[in-house]
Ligand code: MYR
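Let's start with one chain on its own, the form predicted on its own, as structure tokens.
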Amino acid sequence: MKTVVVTDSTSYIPKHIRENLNIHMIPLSVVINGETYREEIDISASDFYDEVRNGQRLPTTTQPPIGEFEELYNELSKEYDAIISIHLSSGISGTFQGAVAAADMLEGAKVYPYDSEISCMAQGFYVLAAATMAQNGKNPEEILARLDDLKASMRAYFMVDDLSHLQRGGRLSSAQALIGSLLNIKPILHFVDKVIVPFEKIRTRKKAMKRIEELLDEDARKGQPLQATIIHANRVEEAASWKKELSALYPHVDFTISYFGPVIGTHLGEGAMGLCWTKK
């Protein structure tokens, strides 16, 4: 049985890795000043943050049309027997439901839509694992079992630097955002039951990042091999510095660096930092 993997752009897997592992990507889009840009195709993360910084209006985001799923699935069904389609949490986007709807209409290949219940490179961990297993000839049931195994140990926390994006996106009231900014509060967020919720409110950026380190330490101190990724919203140097620091503390953890692209960056804002990890 030949199996192929599909994901969406919010896994933020670099193009050269997607090509090497035969991962097919469907983009979500951002609308900036009336112009629609497909992330990872029409606009880069750094260009997006430049646009937002200089603009007056907060961008909006849109999920892929079902027709894009149908078109890709139909094309892939000519060559593959099974399609594993891994997407960002159904609690924050209708993208997964789009994959389910398109899968129901497909004749030929069997589509296995998979709700990562998360996003960004945490979602990417599932995609990379699935694509590697597919290249090694594993069947869909084996791959899905591995994804569920990863999900059991997946943890992710992220800190928001600028509360105005959460406020404008409807996740904070104006009063909460104002008070939070005055007190220099940097909320730590995480996913619970597929949606983003507050974990803790921390005063200052440095303390918030230290708290996320403590959460990693709870798992890393057990000595089991972990894979982890630092995710940043246009903070390349800070992410590299954090990676160097954490790699020295936890040599048994395989750290990489990823980023919050335009769609997720619309809601978190520039300066956000995250850390996610799971067992290898």
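Start at 1 and count along the sequence shown; that's the residue number. Source: prediction; values computed, not measured.
Although it is not shown, the form predicted in complex with the named molecule is what the next lines describe.
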Check for me: heavy atom within 4.5 Å of the named molecule in the predicted bound form, for each of Ser119, Ala156 and Ile196, yes or no. yes
Segment that reaches the named molecule in the predicted bound form - one of 214 to 222, 40 to 48, 61 to 69, 233 to 241, heavy atoms within 4.5 Å: 61 to 69
Report whether the minimum heavy atom distance between Arg18 and the named molecule in the predicted bound form is within 4.5 Å. no
Would Leu88 count as a contact of the named molecule in the predicted bound form, using a 4.5 angstroms cut-off between non-hydrogen atoms? yes
Find out whether any non-hydrogen atom of Gly108 is located within 4.5 angstroms of the named molecule in the predicted bound form, and reply yes or no. no
Ile32 near the named molecule in the predicted bound form, any heavy atom under 4.5 Å? no
Going through 246 to 280 from first to last, which residues have a non-hydrogen atom within 4.5 Å of the named molecule in the predicted bound form? Phe260, Val263, Ile264, His267, Leu268, Cys276
